[in-house]
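Next comes just one chain, in structure tokens: the form predicted alone.
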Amino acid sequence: MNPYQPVPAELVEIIEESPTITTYRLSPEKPIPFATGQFVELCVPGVGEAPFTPSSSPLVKEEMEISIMHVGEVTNHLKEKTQVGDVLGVRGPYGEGYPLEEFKGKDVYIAGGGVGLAPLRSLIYALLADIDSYKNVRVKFGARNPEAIIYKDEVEKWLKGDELELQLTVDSAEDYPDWDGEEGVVTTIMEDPDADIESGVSVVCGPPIMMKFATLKLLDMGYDPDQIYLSMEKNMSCGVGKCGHCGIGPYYVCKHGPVMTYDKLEDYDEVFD
């Protein structure tokens, strides 16, 4: 198969998650199976393409959801010009996802921020589908403010449920008098004396600055670098390790990631650039 040939996918729903993040539900011409944590290239005919990690469940084959922060030419075109019924393209999946078999029997500790909840939502779906295989699933998530929290209905459901432990915080709630939750960056809620650090695993996904300080916090908590799984989406372009844009040391994020343990990356200054 031609790795650069996208599969046509009809846009069947557009969901406004927050003022800056939109979810696009796609119905591909043929199923695109993916493992949670892998990424795809979303192609906008006549405009370009960009890499995104699906935010939907890997168990659902007929449709795919991609949640996007609008920060560039392709994403802004999606926001301003596309509508339900348009046909986009999806190529992939590419890269390495989360090694769920290695997570089984362990305490899974997840730290996320901002649009990082998109790939984590896919991971959470996969974990919940086989929740009895994991010792515990703890999720610490931070957003800029209450309005910036995405998937609000699902987040509320997860907060009320007992299958995973979810804790939220916002950087600032100054203009949101109804917010009664935690206030501060995500590292302020990451102390957790009940977490099984010695035999557990941790996952970090979010903006680079958040990932940097969350990783440092996990190291301070006692996690070893090989226990920390980072979701890296650094300058990926071709998706198949040919263009070199996503290089970190000897690695190409599109091939060796985007899910990579910190022990592979800790010696390279550009990890969180």
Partner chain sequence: MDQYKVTAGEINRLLKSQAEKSRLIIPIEEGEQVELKEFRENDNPSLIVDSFRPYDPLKTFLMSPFEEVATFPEKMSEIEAPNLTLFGFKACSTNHIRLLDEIMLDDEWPDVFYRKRRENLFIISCDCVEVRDTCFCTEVGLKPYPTTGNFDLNISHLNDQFIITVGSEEGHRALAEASLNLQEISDEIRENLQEQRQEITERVKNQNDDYGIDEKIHEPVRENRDAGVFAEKAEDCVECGGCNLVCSSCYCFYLADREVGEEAFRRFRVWDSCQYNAYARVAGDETPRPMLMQRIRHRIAHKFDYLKESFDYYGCVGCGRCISACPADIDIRELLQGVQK
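Numbering follows the first chain given and starts at 1. Everything quoted here is computed from the prediction, not taken from an experiment.
Below, we refer to the form predicted in complex with the partner chain, which is not included among the displayed structures.
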Of the listed stretches (174-182, 80-88, 115-123, 192-200), which one has a non-hydrogen atom within 4.5 Å of the partner chain in the predicted complex? 80-88
Residues Glu102, Pro207 and Tyr223 are flagged as a possible site; in the predicted complex, is every one of them within 4.5 Å of the partner chain by some non-hydrogen atom? no
With the partner left out here, check for me: in the predicted complex, does some heavy atom of Lys255 sit within 4.5 Å of the partner chain? yes
Does the 4.5 Å heavy atom contact test between Glu266 and the partner chain in the predicted complex come out positive? no
Does any heavy atom of Lys61 come within 4.5 Å of a heavy atom of the partner chain in the predicted complex? no
Partner proximity in the predicted complex: Val71 to the partner chain, non-hydrogen atom cutoff 4.5 Å: yes
Mind listing which residues of 1-28 have a heavy atom within 4.5 Å of the partner chain in the predicted complex? Met1, Asn2, Pro3, Tyr4, Gln5, Pro6, Val7, Pro8
